[in-house]
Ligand SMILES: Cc1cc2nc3c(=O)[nH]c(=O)nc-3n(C[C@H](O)[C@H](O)[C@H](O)COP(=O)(O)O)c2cc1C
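Shown below, as structure tokens, is a lone chain in the form predicted on its own; questions about how it binds or moves come after it.
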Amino acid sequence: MKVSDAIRNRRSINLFDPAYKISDAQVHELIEAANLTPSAFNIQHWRFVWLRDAAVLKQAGEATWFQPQVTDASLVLLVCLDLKAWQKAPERYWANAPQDVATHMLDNILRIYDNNPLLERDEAMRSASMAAMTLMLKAQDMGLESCAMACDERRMAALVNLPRDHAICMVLALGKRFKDPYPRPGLLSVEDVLVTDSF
């Protein structure tokens, strides 16, 4: 599938076919694609929690205000971000780079992130959000549909025992659509969203 087709055809699906089962190989393929997403300093802040157990999914449904996607979708992923990924063996992010490049990038990581919790969170959120979009487009390419959702972050964090140095980005539901969505409700024009040089 062309990227432009995946972008055009991807919709937020509210009703998934609960009979469709996703394979472990498909999940692996999706995560592999997400791992190719660009990230700040190649830190790859994203962490995906596969919500699989029926009891966990029931509680996750409650934490997403009983939206049916969570209990009917074939795959539910909690997209998280590791806020301290920059501190955790950062040399691995540049293991295949020339030594001088790796040294330069590691020095920059430590200099820029140290004592900067706002940047730490913002960069991780941007990276995890981009990974989620990559995952949704890959799903579209694989003939799957997706829906990104917010959640009650405190309840979801408690449910998955989220580490204190992590945060939640979004919930992703993926699977086969149960029925077609209604037409796009309305898109802003290019003129509405594109500003040149200054507001």
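Residue positions are given as counts along the sequence shown, with the first one as 1. Values in this document were obtained by computation on a predicted structure and should not be read as measured data.
Not on display, but discussed next: the form predicted in complex with this ligand.
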Checklist outcome for this item: The listed residue (V70, C147, L30, A131) that reaches within 4.5 Å of this ligand in the predicted complex by any heavy atom is C147
Checklist entry - Pick from 61 to 69, 153 to 161, 43 to 51, 22 to 30: which stretch has non-hydrogen atoms within 4.5 Å of this ligand in the predicted complex? => result 61 to 69
Checklist entry - Is R184 close enough to touch this ligand in the predicted complex, meaning at least one heavy atom pair within 4.5 Å? => result yes
Checklist entry - Is K176 close enough to touch this ligand in the predicted complex, meaning at least one heavy atom pair within 4.5 Å? => result no
Checklist entry - For 38 to 57: residues with a non-hydrogen atom within 4.5 angstroms of this ligand in the predicted complex? => result none
